[in-house]
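Here we start with a single chain on its own, the form predicted on its own, put down as structure tokens.
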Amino acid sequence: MLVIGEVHTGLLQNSGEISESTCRQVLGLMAGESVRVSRRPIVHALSPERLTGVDCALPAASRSRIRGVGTVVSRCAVTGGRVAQGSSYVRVVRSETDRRLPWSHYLSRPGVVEVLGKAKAADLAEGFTGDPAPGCLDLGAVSGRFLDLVQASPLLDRRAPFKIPRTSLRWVAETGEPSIRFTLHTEQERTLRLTHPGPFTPAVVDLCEDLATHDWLLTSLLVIVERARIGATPGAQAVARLAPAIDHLMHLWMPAARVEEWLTPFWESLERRPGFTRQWRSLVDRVRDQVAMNTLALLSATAEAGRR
């Protein structure tokens, strides 16, 4: 089994949190298809899936010319009325023939890309999570285009309370002994290698999207804290710069809340190293300490003014 995917995550382009009904409208991109919404423990809306036909080279670490034909599954989600995601993935399988078949064949197998000719799963996995050659299958472009479509909804006022870059997570899932490896490449790019016993299920996609959400939240909070320049600017000014984190981000942290139980050990492994929640709590404590110190300073100044 080899499944590859890419998730783009960013701030929903709206001045405030959108309601559940607005989420349904924003994500209702296909007539006749319903948006799935869960309310516990946090509102999460998921669009209907879209298919994109592809006939192109597949990324390979060996730079071999490997042709793949099939369909990419894409979907978009909004979490907490604040965080938007575009996600795409394909299951890569060996074609039973070395020639291209009619599109009706590929449309009957949604989310499957068939390899024409010989290819090794390890070569494709390394190629996708490494530095894909130009002209190869670009799941990031598909995910980004889908997310752009949602962000362009006329129901959004496009007055985001702060600017923060999107992040991208390229992931590969394979069959084997359970393991997970998360790698930061740049400030916006990450990769994930996951192996687990048994066949592929959509629950693996849920895990990757959940990880991408929380990685973006952590990255965004870190950026906001850095921008506040705590200790280098007056307390009131630093707290004002931290306000977006308090108003829009800090209540969204719920790792593995939508991950199936059999996959939670993978999240637990990431909690040990690199320790997502440990770093999140440290940053949240720092934000709250700054608010508390500024409040005490204001109360002290008010009391001093009253004695004069």
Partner chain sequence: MLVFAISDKGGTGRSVTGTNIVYRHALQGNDVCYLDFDFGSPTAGAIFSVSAVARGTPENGLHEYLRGECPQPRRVDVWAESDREGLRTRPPGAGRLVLLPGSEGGGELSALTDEIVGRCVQLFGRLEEEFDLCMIDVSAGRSFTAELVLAATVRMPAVPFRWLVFHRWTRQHIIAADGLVAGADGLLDVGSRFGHDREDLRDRIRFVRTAVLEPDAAELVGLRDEQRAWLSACDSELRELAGRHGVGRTAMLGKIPLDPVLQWREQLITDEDVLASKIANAETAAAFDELAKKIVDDSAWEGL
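Positions refer to the first chain, counted from 1. Treat the numbers as computed from the prediction; the structure is a model and nothing was measured.
The same protein also exists as the form predicted together with its partner chain; that form is not shown, yet it is the one meant from here on.
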Checklist entry - Of His185, Lys120, Arg181, Arg145, which residue is found within 4.5 angstroms of its partner chain in the predicted bound form when only non-hydrogen atoms are counted? => result Arg145
Item to check | Partner contact for Gln25 in the predicted bound form: its partner chain, 4.5 angstroms, heavy atom | outcome: no
Item to check | 4.5 Å heavy atom contact, Leu194 and its partner chain in the predicted bound form | outcome: no
Next on the checklist: Since only the chain is shown here, I'm wondering whether Lys163 would be in contact with its partner chain in the predicted bound form (any heavy atom pair within 4.5 Å).
Outcome noted: yes
Checklist entry - Is Asp157 close enough to touch its partner chain in the predicted bound form, meaning at least one heavy atom pair within 4.5 Å? => result yes
Checklist entry - Heavy atoms within 4.5 Å of its partner chain in the predicted bound form: which of the stretches 171-179, 203-211, 227-235, 124-132 has them? => result 227-235
